[in-house]
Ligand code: BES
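Shown below, as structure tokens, is a lone chain in the form predicted on its own; questions about how it binds or moves come after it.
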């Protein structure tokens, strides 16, 4: 009989009920001896004779080598080859996951490869699945593989009686340290929290219920939290947030989270995370067509990423003084809805002429950024599903970066690429400032015409950071997958949670 697992991640303070089951580290166990529904091994192209794949090839009497020689097993990236009743294994199924070219394997590839395997296996209930790490992987690579597996087994079917994905009862990682497994599982819980929030129906997730969720997460992770209701927003002169929320029967909220890590008790925050939390965006009086409105429950994905990243950072006890702020509104068409031609006085005193009520996210963030600026953080980064123009420029999978401080932007880009989330920087030339000047107010909320819309939106936000080093991340494309991919179901992706955690871990 196999030895029972010893180092288990029973509970993470980030974790919610719909995430992965028990995640176990068995660093010295022989994977072939563990009774499981499935055993997962990773293999680079042409690398049957290397790493963990070589060990499994020997155990199975050269089976993997024979399949590779016959062209049935190539190690192509994210290709899954399933073998039943493989000789020498206590597991009922062996799943070989391709990693592509060995020299191109990094943490991002391992995250997606593990997620692909888990997603395939989670198509039906499984009590236990064993993943075999490779001794050549770095700690960060192990963490991302663990995270990927725990994300891949969780689907978007929150409201289905017959779910398409069933998390494993237990996931066992061999040849991986308990510390790396524990960190990877915690990161996965953050990603899955963000995904769940994005996938929740807008009638269930609205400003107050999102704030309630944030309060519960803060309580579990030890973060401090303030929630500003409409009366507090009025006292704080947050007229921009209030204007966008006027058309809804559900009033806006501002959530402010604070985390002080080990050794970080006094002084201003080192980093501020800011998120757009439009829990549903009808477009307001500039009403969206139905096809464009259908997925607008995802317009709070920036806020979800900020909450989930802050919770993960707190759960990992990273040494940083962090503040996170999320502006929460519904953009609806009620009788008090803000109108084209309105002039709003933001908290900073800047006046904003409204030319399009569907350009609401930047108006909300104007007040949130001003609140954060008053806390005097050393650096600010915001995440927002801000513009369709960014998707025109970069497609569905790449986030756009905009900055007033190149070294800060470079650190964020490096963190994103280190965990396999693609980003690309767009320019912030001063000439774009001219496009948001208004004839009747200080600025207007859209540029001149449709061209360069993601840049003019970023130039709008820049007005409210007061010269603090700042980077804006437009996640309109990668935040929501309209179709499934090998490593994820459709719906919320949890974009920017892992990069934010990596950013803080990188110092």
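What you see is a predicted model, and the numbers here were worked out from it, not measured in a lab. Positions refer to the first chain, counted from 1.
The same protein also has a form predicted in complex with the named molecule, omitted here; what follows describes it.
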Report task. Could you check which residue among 342, 236, 358, 405 gets a heavy atom within 4.5 Å of the named molecule in the predicted bound form? Result -> 358
Report task. Quick one: from 319, 251, 388, 108, grab the residue that has a heavy atom within 4.5 Å of the named molecule in the predicted bound form. Result -> 388
Query raised in the report: So which stretch, 195-203, 172-180, 288-296, 137-145, is the one near the named molecule in the predicted bound form (non-hydrogen atoms, 4.5 Å)?
Result: 288-296
Query raised in the report: According to a 4.5 angstroms non-hydrogen atom cut-off, is residue 481 in contact with the named molecule in the predicted bound form?
Result: no
Query raised in the report: Applying a 4.5 Å heavy atom distance criterion, does residue 367 contact the named molecule in the predicted bound form?
Result: no
Requested in this report: Mark residue 461 yes when one of its heavy atoms lies within 4.5 Å of a heavy atom of the named molecule in the predicted bound form, and no otherwise.
Outcome: no
Report task. Would you check, heavy atoms only and a 4.5 Å threshold, whether residue 64 touches the named molecule in the predicted bound form? Result -> no
**Report entry** Stretch 266-283 - residues with a heavy atom within 4.5 Å of the named molecule in the predicted bound form
**Finding:** 276, 281
